[in-house]
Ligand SMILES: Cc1cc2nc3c(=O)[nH]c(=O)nc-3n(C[C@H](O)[C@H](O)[C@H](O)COP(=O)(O)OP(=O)(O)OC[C@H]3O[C@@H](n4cnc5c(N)ncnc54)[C@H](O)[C@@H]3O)c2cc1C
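Next up: just one chain, as structure tokens, the form predicted alone.
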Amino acid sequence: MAKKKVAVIGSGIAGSGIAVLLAHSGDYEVDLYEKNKLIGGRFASYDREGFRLDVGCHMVGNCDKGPIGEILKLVDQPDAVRWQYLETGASHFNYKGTDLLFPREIEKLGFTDDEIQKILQFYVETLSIPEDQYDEYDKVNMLEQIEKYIKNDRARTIFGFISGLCFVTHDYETPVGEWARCNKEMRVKEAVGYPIGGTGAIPEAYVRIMEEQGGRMHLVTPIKRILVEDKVAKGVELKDGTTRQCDIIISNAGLKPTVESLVGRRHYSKEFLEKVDGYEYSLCAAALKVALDEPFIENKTMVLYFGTDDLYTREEEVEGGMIPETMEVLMVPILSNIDPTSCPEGRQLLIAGAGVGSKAVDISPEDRKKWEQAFINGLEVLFPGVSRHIMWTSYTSPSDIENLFGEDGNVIGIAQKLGQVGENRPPIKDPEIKNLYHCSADSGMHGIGGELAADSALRLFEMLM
């Protein structure tokens, strides 16, 4: 029997993941198209002066024990990516300059004994929600949930911060069921960590295995459009005008860009377009990559910093155009303490990331410098004296992400907000165009970041096989 011809558009975790799964099955002839020169989309990595830098994501919730690792197991190469878990006790909260382990040292946050008991009760009971109640709790937001136990700006800031880290959403739109599901999974598996060689090591491994199984990778090959005749996807047209006929087209470009640009709105019903238009993206984030001239930070691999008791006032100010003098909420993985291969010997690499609004906006060179300095000032609070050791920095703004991937410069894709989780996620199988499938974080059912995308690949593979 002849193999079915498949065109996969985009080499992010979901695109490269489904490509390797189909190539390995032996039933499909796979061509994977990537418009950029790097493999991996938001999970791509690149080199600068001996440092290995990631385009986007930095930590993975469940490493080899989650859906990303499951793809490697299904293609019989479970060890194709090496992982480094975060060591217990090496990940710290920092509250206004004070280090603490959370929730073990919650008393250092200045709560009364009664407040601590209420917070711990909220935390334990929310993580203990039975699985058969997740869907019902997906109708409740995290702000409502915590205020059942305690109304306190500092408590809200802590758990709003965690919601932002997981889903890049506000607490008042984060579903409790999805929060509990994902956080419980991480606590049970205890496999939060990082791929040796950068996040790009994951899609690069997928592509290498795909090519070993006969699949073809086409870098710097943008797709102009998906060819559709009588509601059937027939193939793809490259930017240079070349057309290639296919039996199946799988888009890793995201639901909205696929419908809007690759297929075209004229091929869809008004009802479906209204549904597509109604989906909302996650928030935007920025990151400052920092190269240090020596291993200045010892015995820590991750610091979660908040220097304010009122996260949401700060967010509203930023949404209004204010550039803070000092970033007061940061996620800071010290990558070279996790993966020594990420930088030259005798140097250090760290990343400072933070949410900075709901949509990418163009910023002037002067404002870009102000943002960079705000991140550096935040790092100086965490690690006094670190500024003296900076060799160089590389700032990634939402507009940079917008230029690479579109989608308003958001971090994940269609957000895991109320009404957009579980069965309310976008469909994998296009409901109106035959032979077209959507495979990205948009169509993943559950998970955090890249794991949401890997979930989409696994579900599509099961559907096609």
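This is a predicted model, so every value here is computed, not measured. Residue indices: 1-based, along the sequence shown.
Omitted here: the form predicted together with the ligand. The next part is about that form.
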Query raised in the report: Heavy atoms within 4.5 Å of the ligand in the model of the complex: which of the stretches 95-103, 270-278, 79-87, 217-225 has them?
Result: 217-225
Query raised in the report: Wondering, does Ala291 line up within 4.5 Å of the ligand in the model of the complex on heavy atoms?
Result: no
Query raised in the report: Is there a heavy atom of Phe51 no more than 4.5 Å from a heavy atom of the ligand in the model of the complex?
Result: no
Query raised in the report: Is Ile448 one of the residues lying within 4.5 Å of the ligand in the model of the complex, judged by heavy atom distances?
Result: yes
Query raised in the report: So in the model of the complex, does Ala285 come within 4.5 Å of the ligand, heavy atom to heavy atom?
Result: yes
Requested in this report: Taking 4.5 Å between heavy atoms as the contact cutoff, choose which of Lys65, Lys417, His438, His58 touches the ligand in the model of the complex.
Outcome: His58
**Report entry** Residues of stretch 368-403 in contact with the ligand in the model of the complex (4.5 Å, non-hydrogen atom)
**Finding:** Ile401
